[in-house]
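As structure tokens, one chain now follows by itself in the form predicted alone.
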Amino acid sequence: MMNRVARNTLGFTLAPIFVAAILMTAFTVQAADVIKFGAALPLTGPLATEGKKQQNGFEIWREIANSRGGINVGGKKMKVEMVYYDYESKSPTATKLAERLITKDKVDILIGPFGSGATKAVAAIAERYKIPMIAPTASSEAVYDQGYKHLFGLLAPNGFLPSGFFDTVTKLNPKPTSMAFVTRNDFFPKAITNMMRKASKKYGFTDVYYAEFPKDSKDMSTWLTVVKSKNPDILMVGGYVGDLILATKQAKELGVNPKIIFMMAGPVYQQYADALGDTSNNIMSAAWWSETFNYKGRVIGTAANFADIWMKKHNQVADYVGAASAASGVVAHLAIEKAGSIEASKVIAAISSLKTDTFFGPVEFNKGGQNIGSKIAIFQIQQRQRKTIYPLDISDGKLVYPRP
């Protein structure tokens, strides 16, 4: 098989926007003996941290699958080939590249981009071409209420989060009573922040402030100054890792110090604590996976097994982005073996009825294609390390409250 980079340069030239990173498997096989997966990822731009973790997660699964001879398809082992494009953290580009993966690269299965917004856009392309699409990192219910039959998401619904968070904080003494909400003006951060804001009223909290900041904002001081004047017991901030590093730095500089700061979802990444040092301590967050979960399944094994593999390969603590991405491959792997075929309709039927355990957690898809078998964990950073606070049965730390 000709190397894909070479083939692109021999036949025609692609504009830089369309291709930045293409990875081929390290073996030579006949085209008929491979299953081709395609992913448009944000390998550059503001979401590059997340996009590279997705790619690394896929590669862990691919290497494991191929080291065992590939995926068993009706008694025949077929190896996995991955085709990646960089959509530069721009959702419209992600849709163009997804269409290219389907129509030009002829992938058998599409893997979703990062986040709910880009996933919702790309899912429309998968639906049009009737190709299976597995989304590693889209948790917003609005992605799965479109009536799509070809989309399946690994993350538990956002709606699973409020009960865990509010069950935790309403038991504190003294009980916090007021909240402020600030979010990046983007699909996922707004969805999760507004869901938490709505739930806060049901739990009796006073909503003292709400604001949105623009994508890729370079200054958070305006809204932080207002938050300081409102003096809420709890501040929730929705955004991506770069946003939340900046907001945490400036909160310290401005003396914004509520009893609880809860951020989604940057603090679960090791990069957050590495960038902030002790300033990251006692910040809360939540995530869809932890190596402390007692999960076990086929292909990769346990949550701890995956965490060990990730640490050895990347010298950093694994988080839900890489884990969910590897788990997307596992789900496709198990569904193809169940179907005994790579025919799209048979794979779709197999994924739809799949009910299994994996290192990422239980997998069971509802009618909209969202995984309802998994959990969401509440974390707090303590001494620069992520500690699970909730669920209690897998917790390895106690909440520091109020923040010093």
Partner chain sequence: MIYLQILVNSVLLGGMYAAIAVGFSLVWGVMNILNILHGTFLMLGGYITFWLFHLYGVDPFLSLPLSAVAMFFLGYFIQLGIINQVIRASFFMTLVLTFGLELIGVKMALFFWTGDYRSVQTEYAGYSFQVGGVVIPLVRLALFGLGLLLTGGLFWFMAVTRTGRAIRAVRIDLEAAQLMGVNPAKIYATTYGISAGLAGAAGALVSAGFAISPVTDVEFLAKSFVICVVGGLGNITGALAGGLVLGLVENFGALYFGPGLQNALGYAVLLLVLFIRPSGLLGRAGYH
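Fair warning: this is a prediction, and the values are worked out from it, not measured in the lab. Residue numbers count along the first chain shown, from 1.
The form predicted in complex with its partner chain is left out here; the points below concern that form.
Here is the short version: of 281, 217, 292, 178, the single residue with a heavy atom within 4.5 Å of its partner chain in the model of the complex is 217. The contact with its partner chain in the model of the complex, taken as any heavy atom within 4.5 Å, belongs to 245 out of 245, 330, 161, 260. Partner contact region in the model of the complex: 221 to 229, out of 200 to 208, 303 to 311, 107 to 115, 221 to 229, criterion any non-hydrogen atom within 4.5 Å of its partner chain. For residue 241, a non-hydrogen atom is located within 4.5 Å of its partner chain in the model of the complex, even though that partner is not displayed.
In the model of the complex, no heavy atom of residue 233 sits within 4.5 Å of its partner chain. Taking non-hydrogen atoms only, residue 341 never approaches its partner chain to within 4.5 angstroms in the model of the complex. The closest heavy atom approach of residue 172 to its partner chain in the model of the complex falls outside 4.5 Å.
Residues are counted as partner-facing when one of their heavy atoms sits within 4.5 Å of its partner chain in the model of the complex; in 234 to 272 these are 241, 242, 245, 246, 249, 250, 252, 253, 254, 271, in sequence order.
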